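Next up: a single chain in structure tokens, the form predicted on its own.
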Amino acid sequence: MAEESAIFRLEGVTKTYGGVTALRDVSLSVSGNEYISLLGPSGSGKSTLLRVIAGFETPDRGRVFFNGRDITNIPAHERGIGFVFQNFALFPHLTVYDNVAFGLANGEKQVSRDEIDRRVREAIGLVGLAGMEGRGVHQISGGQKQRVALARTLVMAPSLVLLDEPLGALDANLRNRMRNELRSIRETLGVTFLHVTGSETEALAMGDRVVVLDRGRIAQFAKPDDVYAKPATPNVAHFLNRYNVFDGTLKDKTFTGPFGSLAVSATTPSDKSAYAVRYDRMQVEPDGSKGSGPAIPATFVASEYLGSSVMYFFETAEGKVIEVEHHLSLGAPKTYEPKSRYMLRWKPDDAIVFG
């Protein structure tokens, strides 16, 4: 992507706290009018990265650019970047209207009362809260508070909105609804959203592209289907919570792991050798079966019903838990005997080999 088309750009950003490095030489370029998901486990640097872009933290090294301007040392309130906090950070003594109007009414730039009223009502209508302007924060639900926090940000007309796990405090039903509404609002406004989440499902469902952070570094930045089908590292595969990842060694196009030694035709370059198979690509067969393809014996432990699928959990002799997913659209779920041994088998082409 050409730098001149980037709405924000990071160059070699590093941030440490008391000897602990939260971000390591991060470079990233994002264009306008995109929904970017930022995924990673706790401690990977997601929130720190967001705070550096917003201006709440200053990097130890590196530069931050926004709309072609170096903003590394510019205060947060002068950057023109919107930020939706995880806990919403609403003023409990103010109404919905006054919460949304606060930034316009108290900013350095003087805005007329009529313009404030027009923009506030437009923002409140955009997030679906028209008619609730006079309610107190204590009189609205968690999902409505999330919308107020978003409206308070959008009313300032930012071209970049940062969202720090904005759906984390909502129940599952409301999270699913808000996913669609956030995407719809972003598309209506034509601005860029950068959405931090620890949920792989949320990241893949919402992002036009997904940034995966691993221990302060960008491990992968790609479209959701590429991240899902072609994780760049063993850790990315692990974060996605869709792959069984086996440790082992890769040498001379042969991977040796707990299932023995297997010939490998293609590999994904990685500092660490590993062998990954998606949950839904593994088949359960009777113990001792002589089918074709790689396999590993394991003992059935338990199953979990997830609505559209069933997850089966098996354990190898070495104590590794292997998950097998059965989509109910493919037929009725199978029944396995607890503490009984089975053979878990997969096709070689369904594996991703790192090394």
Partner chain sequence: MESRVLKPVLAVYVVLFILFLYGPFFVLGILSFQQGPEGGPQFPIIEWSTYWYRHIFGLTPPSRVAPLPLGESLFRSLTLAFMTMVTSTVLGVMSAQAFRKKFTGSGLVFYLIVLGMMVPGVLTGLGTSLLANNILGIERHWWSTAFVTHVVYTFPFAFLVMLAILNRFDGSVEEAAWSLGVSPWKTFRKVTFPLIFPGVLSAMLFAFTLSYDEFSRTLFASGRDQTLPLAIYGTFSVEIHPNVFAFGVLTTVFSFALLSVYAILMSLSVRRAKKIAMQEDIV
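Owing to the predicted nature of the structure, the values given are computational and were not obtained by experimental measurement. Numbering follows the first chain given and starts at 1.
One more form of this protein should be noted, the form predicted in complex with its partner chain, which is absent from this view; the next part is about it.
Q: Considering only heavy atoms, tell me if R119 and its partner chain come within 4.5 Å of each other in the predicted bound form.
A: Result no; R119 lies far from its partner chain in the predicted bound form.
Q: Indicate whether A229 is a 4.5 Å heavy atom neighbour of its partner chain in the predicted bound form.
A: Because no heavy atom of A229 falls inside 4.5 Å of its partner chain in the predicted bound form, the answer is no.
Q: Indicate whether its partner chain has at least one heavy atom within 4.5 Å of a heavy atom of R135 in the predicted bound form.
A: Because a heavy atom of R135 falls inside 4.5 Å of its partner chain in the predicted bound form, the answer is yes.
Q: Applying a 4.5 Å heavy atom distance criterion, does G125 contact its partner chain in the predicted bound form?
A: The answer is no: G125 has no heavy atom within 4.5 Å of its partner chain.
Q: Given the stretches 242-250, 88-96, 177-185, 214-222, which is the single one in contact with its partner chain in the predicted bound form, using a heavy atom cutoff of 4.5 Å?
A: Correct option: 88-96.
Q: Since the partner isn't included here, can you check whether its partner chain sits close to all of R51, K145 and R152 in the predicted bound form (heavy atom within 4.5 Å for each)?
A: Per the other structure, all of R51, K145 and R152 touch its partner chain.
Q: Could you check which residue among S265, N173, N106, S112 gets a heavy atom within 4.5 Å of its partner chain in the predicted bound form?
A: Checked against the cut-off, the match is N106.
Q: Which residue, I81, L194, V236, V210, is the contact with its partner chain in the predicted bound form, using a 4.5 Å heavy atom cutoff?
A: None of the other options qualify; the answer is I81.
Q: Note that its partner chain is not shown here; using its position in the predicted bound form, name the residues of 139-162 with a heavy atom within 4.5 Å of it, in sequence order.
A: Q139, I140, S141, K145, R152, T153, M156 sit within 4.5 Å of the partner.
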